[in-house]
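Shown here is one chain on its own, the form predicted alone, set out as structure tokens.
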Amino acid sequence: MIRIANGQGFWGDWLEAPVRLVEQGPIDYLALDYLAEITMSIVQKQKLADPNLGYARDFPPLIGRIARQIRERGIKVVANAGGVNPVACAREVRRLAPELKVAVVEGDDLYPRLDELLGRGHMLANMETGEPLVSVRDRILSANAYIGAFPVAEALATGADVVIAGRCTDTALALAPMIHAFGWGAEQWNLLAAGTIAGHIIECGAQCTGGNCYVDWMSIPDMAGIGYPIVEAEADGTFVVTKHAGTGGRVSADVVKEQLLYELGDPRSYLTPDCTADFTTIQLADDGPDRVRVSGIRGRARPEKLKVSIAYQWGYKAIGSLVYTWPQAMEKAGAANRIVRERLAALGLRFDEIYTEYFGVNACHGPAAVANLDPPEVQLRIGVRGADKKAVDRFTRELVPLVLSGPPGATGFGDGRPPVREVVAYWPALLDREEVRTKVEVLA
């Protein structure tokens, strides 16, 4: 049996979680999941500005902080913190923790190869619209194939203390240690599906130990000290989801079920680079306090193509807000919205979209919101999006004037004009598996 913990569910998760996982009990592997689609475009822009960047910068200081425990306890760290520059990330880890052996998995970054791939007839068409990638070629910010667990397991086989990948799948961070430790083969579909689902359960960190949980959430103990998840995996594909004893949060079948539904399309065909997992075969059983045993999982062959995540520039946006106080808070906010829209039209400004929300009334639940006819305050939030940066910038100057020239009782304008930000759009595509060539490099 091996213990695989996950201490980060995204770049920006609780900094203390990985440290506590290492300090509060035994683990064999520490998985750290940093990447999302939007993250890839952010790190790509960082790398374009500075070739020494392009990775999750929280990661190297964290490894420096826990390097002694990693060495003394034989813990292996597996992370996708490399972003679009895993070698630079590894070098920074080595600088802060020179006693550690670091391995890097490369090959997912297709951004430098886009013209080559397009020139050889790979359309990289948008999976949702069918539009060819050439239509946005000049606006692309990043392009990364989702790679699976086997290259990460290959890196673990080098004896590295820390394995750093780029855009491997979230589930691969847990599956790779199982492949490495148990010797699972590339076509043992049921085992690979079990490891994939284990990775899916813990990939969002504390979301499977009571965080962001709707089931009886007010009774979940010690959320301030919530324990992050651990999978106790066995060679036959069964595993237990748990956390360190004495930590906050809760692990139960209900909580695990909520996480299983996260980002789930067809439950019978959960596609990854490693296998196709069937979520309808999952069997859950309580296995003691804060322990859920998972078994019965079945899988099928992996898909022929790999998914490619492409980010591209899609204009500009700005979002501003004002708070209107009682009485007639909603009426004031509605009037302010109308005034802004009339003034924008009078200026001849056109946008792809103008969007208004009323927080405190219906911003989260829309028409399903419970009626609130006389709220004590309402936050008006207006956003615009368009290709003309100057027009978007002009919008940012139309909200604050309402403090004196609009309805009474406006507040919440202390930050002044909202910033104009670049809009990054997502382009999903498919690519033949053999076109993605991974390699492992060791920085000893």
Partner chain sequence: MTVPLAEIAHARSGDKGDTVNIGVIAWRAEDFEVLRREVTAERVKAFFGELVTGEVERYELPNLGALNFLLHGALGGGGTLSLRTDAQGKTFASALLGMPVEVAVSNGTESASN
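Just so we're clear, the structure is a prediction, and the values are computed from it rather than from any experiment. Numbering follows the first chain given and starts at 1.
Keep in mind that the form predicted together with its partner chain is not shown, yet the notes after this line are about it.
Student: Phe150 near its partner chain in the model of the complex, any heavy atom under 4.5 Å?
Tutor: Contact with its partner chain, no.
Student: Does its partner chain get within 4.5 angstroms of any non-hydrogen atom of Pro60 in the model of the complex?
Tutor: Although its partner chain is absent here, Pro60 would stay clear of it in the model of the complex, with no heavy atoms inside 4.5 Å.
Student: Contact with its partner chain in the model of the complex for Cys364, defined as at least one heavy atom pair within 4.5 Å: yes or no?
Tutor: Flag for Cys364 set to yes.
Student: Test of understanding: in the model of the complex, would Val136 fall inside 4.5 Å of its partner chain by heavy atoms?
Tutor: Looking in the model of the complex, residue contacts with its partner chain do not include Val136, since no heavy atom lies within 4.5 Å.
Student: So which of Ala160, Leu260, Val240, Leu114 gets a non-hydrogen atom within 4.5 Å of its partner chain in the model of the complex?
Tutor: Only one listed residue qualifies here, and that residue is Leu260.
Student: Thinking of its partner chain in the model of the complex, which stretch from 403-411, 384-392, 24-32, 64-72 has heavy atoms inside 4.5 Å of it?
Tutor: In short, 384-392.
Student: Going through 415-444, which residues have a heavy atom within 4.5 Å of its partner chain in the model of the complex? Please give them in sequence order.
Tutor: If the 4.5 Å heavy-atom criterion is applied to its partner chain in the model of the complex, 415-444 yields Val423, Val424, Ala425.
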